[in-house]
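The data below hold one chain only, encoded as structure tokens and taken in the form predicted alone.
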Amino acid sequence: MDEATYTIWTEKYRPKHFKDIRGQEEIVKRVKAFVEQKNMPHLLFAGPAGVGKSTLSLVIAHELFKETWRDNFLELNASDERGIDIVRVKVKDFARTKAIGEVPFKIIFLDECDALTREAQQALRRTMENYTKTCRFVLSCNFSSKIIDPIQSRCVVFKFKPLKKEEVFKIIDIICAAESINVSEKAKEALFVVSGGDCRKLENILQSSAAVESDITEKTVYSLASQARPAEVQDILTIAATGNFVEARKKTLSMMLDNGLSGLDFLKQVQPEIWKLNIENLKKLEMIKLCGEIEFRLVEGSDEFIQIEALIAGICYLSKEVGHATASGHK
């Protein structure tokens, strides 16, 4: 077997050219124009994980420098080295030397740069100013609000979005054709729901599913993603909305244990399913408000099972209480 057989799918199917990148069409179009002109400003890519920020940075390097891209491209992960020394030593040493080849500048790709301390960001600001002739920066982060304003003003900021359903389906079709696996329509929907538009997560779940069976089903996807099927969550909420606390609690605890769900995992699945309930809108709003309160308690370290029981109890209570409040309000 060749080396590609043992390669993790997130690397095996990582796009190598602009035309291969799925989603982010406007961003790719503008960045491609910079590359064609062989001149580009500093760039700041902001957005959730797995939507193509690192991939686009690598494509820029490949397209600009061709065979010499490794000599002209420095990739650093700021989440590993967060301090000011990374900027003073590694970044400056690379930035001050001249590029190899026709392109007059090198590229430094700083991933997870929102993890840099404020002192390191201040040092980076000065470095970006001083070495503009020989080096351009591509910064990547999840939240642009964590990057100081002086750095943002020196960059062209691009906001990445999670992949749309049709883009996710295209990626699934490409991988299925290459790996000779079958994915049902329901499994595709499940992959989209579970991945949430995160291409890296999608490919990891797809590879895990393919290792189990060549015909991937909805059940396999949710099982490997450690998530309950939406129908199960909807069933629990429907029971709770009728006021049957004991049955709803029993099903909830059983589902959490069977699927290995944490309290936060369950809560994230409950929230979108609330909107699908066949109840009045005021009750839905109160339930969403309750989800927010329970989520805060869980993040603060409260006992998961007690808080999830409190959530189910609150939904049961609201199913009757809001109705009484609405009726009395009309009087």
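Residue indices: 1-based, along the sequence shown. Since this is a predicted model, take the numbers as computed values, not measurements.
The following text describes the form predicted in complex with a small molecule, which does not appear among the structures shown.
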Though only this chain appears here, would D111 touch the small molecule in the model of the complex if you measure heavy atom gaps against 4.5 Å? yes
Exercise: A49 in contact with the small molecule in the model of the complex, heavy atom 4.5 Å: yes
Even though the small molecule is not shown here, does R154 get within 4.5 Å of it in the model of the complex, heavy atoms only? no
Though only this chain appears here, would P15 touch the small molecule in the model of the complex if you measure heavy atom gaps against 4.5 Å? yes
May I ask you to choose, among V91, L163, V138, V221, the residue with a heavy atom within 4.5 Å of the small molecule in the model of the complex? L163
Which one, L191, C199, L124, A240, lies within 4.5 Å of the small molecule in the model of the complex by heavy atoms? C199
Could you tell me which of 49-57, 258-266, 284-292, 64-72 sits within 4.5 Å of the small molecule in the model of the complex, going by non-hydrogen atoms? 49-57
